[in-house]
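Okay, here we've got a single chain as structure tokens, the form predicted alone, with questions on binding and movement later.
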Amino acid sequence: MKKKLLSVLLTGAMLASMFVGCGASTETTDNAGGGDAAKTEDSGSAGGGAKGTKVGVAMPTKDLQRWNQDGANMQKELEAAGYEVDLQYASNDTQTQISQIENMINSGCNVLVVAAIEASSLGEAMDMAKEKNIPVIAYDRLIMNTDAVSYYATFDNTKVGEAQGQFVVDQLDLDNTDKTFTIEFTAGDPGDNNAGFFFNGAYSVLEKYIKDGTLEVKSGQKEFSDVATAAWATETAQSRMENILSTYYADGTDLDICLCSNDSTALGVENALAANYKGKYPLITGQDCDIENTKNMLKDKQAMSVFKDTRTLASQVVKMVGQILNGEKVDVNDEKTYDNGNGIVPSFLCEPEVCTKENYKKILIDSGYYTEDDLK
């Protein structure tokens, strides 16, 4: 009888140790391992939240529409799944984000979801999370040069860029034309690991047309380092495009294509065109379907935007959080693409969609992402 009792006690201790090892303190997660915790049909294991289970969500800034939506969607889904949520925005200041993450750790968060401002600057906070055995999910932006990142959840970033490039090919029928079109690139923040994937995806599609002369980059700016936009800032993109227009297109040459990696940079380009350009209006790409850019699509001031439904991404991350806390196998669909400098990070990639004036109702309105009133 004593041997049997000892065996039961040892088994319980081992299970408790395993649970603490995945970042869940036994003092704050009475039912987080599953058991009596309720599960929701939509989120799978994500419904296993228990009172006292806390998830820290670190977002970069409120200055861009998409991060407000991401944060709100994440908080809503996590709270619906039964978790306490500590949602913080860092005003695009890396040191602020580090402090916020450290505070989340010290306040007892069991899992961290982090959208990094600068991919390689969170080492101090990541070291602290690893020391406390707290799992980290990198959200949309991969956190670089650390072994503290457990998983990565994002959209297929290369496909985003490829979709933008292919849209240009299809709209201008580049495979069947004898014309030459001018093109200028506007990429994203060099501190954001995704920005390189977006640009490289688009450039990989368009490179052969640049080489054979179908596309001409009059500014000569074809390297990511030349076309990157710090902090994805609209004002920075506008200033750079104003300089390009006054230097290379002031003689009346038409600018045919503006390949912009996202909507905030596209908006800057559109502002520059409105102020300084008199030629034929160019085809402009974007990403995120921000409200102002969607309005511009309806006014023929932007040709397309790649739609990334942040509700889908939030749902997937909530599911992953639940799987981590329940000790289950975590859903990933890519284990070869994303190397953060310390190894491959298991990732889940959601699928992006091309949104245009022709299909925006189906993608944005019918899905409930926006109402028609939002776009007036």
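Sequential numbering from 1, following the sequence displayed. All of these numbers come straight from a predicted model, not from anything done at the bench.
Just so you know, the form predicted in complex with a small molecule exists too; it's not on screen, but the next bit is about it.
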Review point. Looking in the model of the complex, any heavy atom of Arg141 within 4.5 Å of the small molecule?
Key: yes
Practice item. Determine whether any heavy atom of Glu118 comes within 4.5 Å of a heavy atom of the small molecule in the model of the complex, and answer yes or no. Key: no
Review point. Does Glu162 reach the small molecule in the model of the complex if we count a contact as any heavy atom within 4.5 Å?
Key: no
Exercise for review: Tell me, yes or no, whether Ile324 is in contact with the small molecule in the model of the complex, where a contact means a heavy atom of each within 4.5 Å.
Suggested key: no
Study note, to complete from the structure: Of Asn110, Asn293, Gln97, Asn262, the only residue with a heavy atom within 4.5 Å of the small molecule in the model of the complex is Asn262
Revision key, fill the gap. Students should find that, of Ala314, Leu349, Leu64, Val345, the residue having a non-hydrogen atom no more than 4.5 angstroms from the small molecule in the model of the complex is Leu64
**Study point:** the small molecule in the model of the complex reached by all of Asp192, Phe198 and Asp288, non-hydrogen atom within 4.5 Å
**Key:** yes
Practice item. Go through 247-255, 133-141, 97-105, 275-283 and give me the stretch that gets within 4.5 Å of the small molecule in the model of the complex, heavy atoms only. Key: 133-141
